[in-house]
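Here's a solo chain for you in structure tokens, the form predicted alone.
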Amino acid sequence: MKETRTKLAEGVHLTCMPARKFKTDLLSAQFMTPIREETAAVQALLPAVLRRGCARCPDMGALGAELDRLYGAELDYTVRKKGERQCVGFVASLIDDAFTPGGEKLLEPVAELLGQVICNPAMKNGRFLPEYVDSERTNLVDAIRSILNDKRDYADLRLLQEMCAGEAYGVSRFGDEKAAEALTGEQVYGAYLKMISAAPLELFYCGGAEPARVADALSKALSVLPRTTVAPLPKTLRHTARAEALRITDAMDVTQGKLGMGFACGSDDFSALLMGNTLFGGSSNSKLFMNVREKLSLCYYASSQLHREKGVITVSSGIEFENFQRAYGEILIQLKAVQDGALDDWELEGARSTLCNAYATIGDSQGKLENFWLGRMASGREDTPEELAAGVRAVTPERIREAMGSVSLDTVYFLKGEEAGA
């Protein structure tokens, strides 16, 4: 059976991905909102607070006991960024009916518990429990601060923040530390009421149950979900290339420099850009890896990523401080080689194989399937993994040259040591 998408209520849709090869089923509920600097932190906090308990299971102990009763079902909260969408919600995992003792059905009770967590959270005097809000706010602040501990992730985030300053794409999925620290219980509850009534809700199921049964279970579980006017999601705007590259340098107590480079893409030929990026720095056979890292030893790591919805390519690399200019220049040389079509047959076929294999293995993991289809819904795309693979197989060297020829340097970010020279 093919995937199906059904409307259950205003702004609530269910995507079923039939799969009988797994011993477990996956059930996901994701609210999608525009990611904005002023709301990112509070919305990132919401699912963590809701996961602390519901009216029937008012604390994590009671909730855990209920999940144990359901043969060790799991229910985790998620905070993700898809393009310029912030997706927050829950993912549940449960044993498929074919593997439960006596064929006991777990879909309905797990769906009901998911509905309880979303629609009937643990409350006190009409508000979230202050101790839950305080505890999860501390955890959120710690998560934001922990990004600084991984300098690679920090540099990648800083590059996007500078490149997309003033654009939603530059906002972190967890929001800003100061905003998180200042959150009050009233603000969190207000955001909750707005989210459950107005944010589009995408539901996903992957397992062996019939779609009609899944739809019935979730419709009943979410029957009290208030839906007023569902807010349409604004379209993601492509990044406009700068006339002159922006250059940003930060100094910190680090022993290894981080060089990030952002490029604007002027082409809409996604398959060709995807192939071009894979050839440039998107695989272990790429020009950045083979030449800048392996052959010239200018980088500890060097890779590139295509951000489809935003129309940008970013390069992430770790270097010695004194190698900044050489690494910077060599990265541009490797990009120019792709733009000029200086590509061997083995490079082209290696990139094609890497991408097609990645699309082929999406169906081997329920988590990958859910993540792929969530990204599809968040971006408004309609292509399937099979269609994406077919697009890659059809790309010619001429299309790669033309698409990559539209790529121009936009932003350069360098994280150096406090004692390093400029």
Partner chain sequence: MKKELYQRIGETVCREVLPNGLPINVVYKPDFARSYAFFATRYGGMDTRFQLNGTWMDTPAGIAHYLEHKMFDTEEGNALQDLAKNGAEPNAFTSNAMTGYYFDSTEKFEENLKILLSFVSIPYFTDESVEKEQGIISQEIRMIEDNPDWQVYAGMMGALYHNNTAKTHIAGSVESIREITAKTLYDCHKAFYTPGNMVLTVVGNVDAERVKEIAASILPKESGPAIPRDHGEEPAGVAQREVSRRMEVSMPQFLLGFKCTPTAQGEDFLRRSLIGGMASDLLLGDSSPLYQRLYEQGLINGSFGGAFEMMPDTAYFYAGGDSRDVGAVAEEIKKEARRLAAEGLDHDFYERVRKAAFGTMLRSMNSFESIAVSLTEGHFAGYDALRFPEAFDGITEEDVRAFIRDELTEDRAAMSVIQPK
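Rigid core here is just the name for the largest C-alpha set that superposes within 1.5 Å across the two forms. Numbering follows the first chain given and starts at 1. As the structure is a computational prediction, the values presented were derived from the model and not from experiment.
Only in words, not in the display: the form predicted together with its partner chain, which the text now covers.
Notebook entry, point to check: Among 66-74, 29-37, 370-378, 384-392, which stretch has residues whose heavy atoms lie within 4.5 Å of its partner chain in the predicted complex?
Noted result: It is 66-74 that comes within 4.5 Å of the partner.
Give a yes or no for Lys295: in the predicted complex, does one of its heavy atoms lie within 4.5 Å of a heavy atom belonging to its partner chain? The answer is yes: Lys295 has a heavy atom within 4.5 Å of its partner chain.
* **4.5 Å heavy atom contact, Ile319 and its partner chain in the predicted complex** => Ile319: yes, in contact with its partner chain in the predicted complex.
### Message
Considering non-hydrogen atoms and a 4.5 Å limit, does its partner chain approach Arg242 in the predicted complex?
### Response
No.
Check your understanding: How about Asp344: is it within 4.5 Å of its partner chain in the predicted complex, going by heavy atoms?
Key -> Result no; Asp344 lies far from its partner chain in the predicted complex.
Practice prompt. Just give me the single entry in Ser271, Thr78, Gln116, Ser93 that has a non-hydrogen atom within 4.5 angstroms of its partner chain in the predicted complex.
Written response: Filtering the options by heavy-atom distance leaves Ser93.
**Study point:** The single option of Asn285, Ser267, Ser219, Ser303 touching its partner chain in the predicted complex, heavy atom within 4.5 Å
**Key:** The residue in contact is Asn285.
Going by heavy atoms, what in 235-260 lies within 4.5 angstroms of its partner chain in the predicted complex?
In sequence order, Met252, Asp253, Val254, Thr255, Gln256, Lys258 come within 4.5 Å of the partner.
2 Å or more on the CA of Asp176 between the shown form and the other one, with the rigid core superposed, yes or no?
Not so; Asp176 is displaced by less than 2 Å.
Taking the rigid core as the frame, does Leu306 move its C-alpha by 2 Å or more between the shown form and the other one?
Shift at Leu306: below 2 Å after core fit.
Does superposing the core leave Asp340 with a CA shift of 2 Å or more between the shown form and the other one? Shift at Asp340: below 2 Å after core fit.
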